[in-house]
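In structure tokens, one chain follows: the form predicted on its own.
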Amino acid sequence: MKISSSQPLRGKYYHIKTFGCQMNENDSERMAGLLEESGAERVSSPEKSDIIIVNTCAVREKSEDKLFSYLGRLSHLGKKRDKVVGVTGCVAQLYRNSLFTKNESIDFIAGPDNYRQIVNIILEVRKEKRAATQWSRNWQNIPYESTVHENPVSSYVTIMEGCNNFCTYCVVPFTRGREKYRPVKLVLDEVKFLSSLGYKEIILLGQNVNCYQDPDTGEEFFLLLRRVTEIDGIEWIRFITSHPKNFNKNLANTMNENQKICRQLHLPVQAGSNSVLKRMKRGYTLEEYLEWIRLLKSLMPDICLSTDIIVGFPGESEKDFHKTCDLLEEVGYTNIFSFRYSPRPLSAAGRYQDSVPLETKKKRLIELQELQKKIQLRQNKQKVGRVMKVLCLGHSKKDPKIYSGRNEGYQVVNFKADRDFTGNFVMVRITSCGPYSLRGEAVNNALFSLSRINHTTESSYRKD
């Protein structure tokens, strides 16, 4: 059978395994779109596929460990010459050609700036192993129309990549490169396209979204955000991740003034001690960070905040650690992402003496997570009896009789309903909770349009 030149992968099956953050997930969706546009079909397991892509994260050592463990399990498949195995993403960019010697089953590697070439790379590996890790100073656009979205209701929209900050623990500037900004027109065109497909929620993505500047006009992020709110059909808008040192009043006021922008913000603090923040080269003090928190809460008392925490950073004393615990209590985060410090290649902190013993790191992480668990349970109990707006994402994975979604604060809400609300907003009365999710039931006449729901809804629907 002759394969069409416009679909050179026709008759081939692919499988993508993703490790890492939302950016990695979005990258996988974009690569999947390019593969399917070239004729390949997706399958659910690597065993059934002709093309296996492992999309990776290098931010933490644990992510790398997962990659090599997964590749080990695939080694018997890679030896079959009818299969192509590739590693993409941050680990591919960081280790480059050395990956071939670490695992012989790998046929190609591709860094984040090389995804547009993914089909050609796959076609060329029949001749020899291929490494594509060239940098680009400009935005590398991949047509958004072909993206294969994992979620039919909520979608990521990447607006920038890379980082100029060089925090001492972070490898991102070496794996994603310097900051590159996507033109405003392309961002708005993609959001309009998603709206035409029926998407209700978008999440604007970037390593530092609040550093965004339109490459053509210099337009700042808060202005882009305002323009996105003007697009009909999209009802919830989120953005991740913001850097505290680049946060400003324009962004806080824009969030407050626009109903479509969710009262939810991820603002990574990393540590609650000024001495640790200084060694991390974060560019702000704890007091400056708390000023932003106070401003946000004064404008939006119902805002849900989340953050990142690293424990056991070189030089972190017991006193430093307890300052971080105090910060959790003071802010009252809805959620945190917490990790033990691990040295990363090329980062400045990788040259520091890793002075905190592993057992101490483990102990501190457990203590921190137990504290946050208590905070979340306390907060969630206060939500029992309330009715809140939830975007239904489908059936619960644990119980097909239960539906699952997220509220405006990006909390998981599992609920009972007498009909399928998937893809729609639904009003849910919270009946019980755990530390990590809320449980409830859809109220009568629960399906509403945005015009009937605003940010005061939750408080106005309290149980008598």
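All of these numbers come straight from a predicted model, not from anything done at the bench. Quick note: we count residues from 1 along the sequence shown, nothing fancier.
Omitted here: the form predicted together with ligand 5AD. The next part is about that form.
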| item | value |
| --- | --- |
| Stretch in contact in the predicted complex with ligand 5AD, which is absent here, among 332 to 340, 251 to 259, 84 to 92, 112 to 120 (heavy atoms within 4.5 Å) | 332 to 340 |
| R344 within 4.5 Å of ligand 5AD in the predicted complex, heavy atoms | yes |
| Touches ligand 5AD in the predicted complex: D302 (any heavy atom, 4.5 Å) | no |
| Any non-hydrogen atom of C433 within 4.5 angstroms of ligand 5AD in the predicted complex | no |
| Non-hydrogen atom contact I310 with ligand 5AD in the predicted complex at 4.5 angstroms | yes |
| Contact residue in the predicted complex, chosen from R60, R429, R30, K66 - any heavy atom within 4.5 Å of ligand 5AD | R60 |
| The single option of T158, S155, Q270, N210 touching ligand 5AD in the predicted complex, heavy atom within 4.5 Å | Q270 |
